[in-house]
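Okay, here we've got a single chain as structure tokens, the form predicted on its own, with questions on binding and movement later.
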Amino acid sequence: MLSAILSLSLLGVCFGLILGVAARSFRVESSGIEAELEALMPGTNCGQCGYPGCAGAASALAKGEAAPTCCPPGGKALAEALAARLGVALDASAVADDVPMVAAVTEEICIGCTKCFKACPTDAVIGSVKQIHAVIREACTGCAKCEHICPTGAITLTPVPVTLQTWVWPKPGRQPAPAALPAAASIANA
């Protein structure tokens, strides 16, 4: 019994050392700009941009292969931040600033074909073969991959309902500064 424990412990230490050395010797250095761009991205790895996750999109942006408007979930705010970081001009008219969306399943017409949860990049759709499916709202990124693949049209994208947790105070519009009243200036000088 003691020899089995010692031999497994020795194997664990040896394999740990081998993996540690391999991690240091085969490490791939990424450029600093790629890491900065990836940090700006939403991190959902939904693939709506056409690249394999946010890291792939950040790499393409750093190489100049993608436009700053490539990330639909990021909207105008992300496109402006990416353009400012890259130092390129941005045509913001091409970016739709939609409200956040979440998928919902109409249970009456769901046939349980399992195509939707195979297409979901975040595993937000749950269900089983020939069973009604459901969507976990907290995990859904609104990428619409499940909506387009559903053969019955049971999945639709709806705006995220406004609750106390999701409500955001709207930013005020730019207003001109009020002009100083001449009477107030004369009273202040007196």
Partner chain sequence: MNEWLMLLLGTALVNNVVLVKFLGLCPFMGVSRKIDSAVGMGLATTFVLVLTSGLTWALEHWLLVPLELGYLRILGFILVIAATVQFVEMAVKKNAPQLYQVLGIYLPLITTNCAVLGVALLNIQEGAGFVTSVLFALGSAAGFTMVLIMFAGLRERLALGRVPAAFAGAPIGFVTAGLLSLAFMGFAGLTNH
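Positions refer to the first chain, counted from 1. Keep in mind that this is a model prediction, so the values were computed, not measured.
The form predicted in complex with the partner chain exists for this protein as well; it is not shown, and the discussion that follows is about that form.
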Partner proximity in the predicted complex: V28 to the partner chain, non-hydrogen atom cutoff 4.5 Å: yes
P52: touches the partner chain in the predicted complex, heavy atom cutoff 4.5 angstroms: yes
Exercise: W167 in contact with the partner chain in the predicted complex, heavy atom 4.5 Å: no
Output flag, L78, A81 and M101 jointly within 4.5 Å of the partner chain in the predicted complex, heavy atom basis: no
Sequence-ordered list of residues in 4-25 near the partner chain in the predicted complex, where near means a heavy atom within 4.5 Å: A4, S7, L8, L11, G12, F15, I18, L19, A22, A23, S25
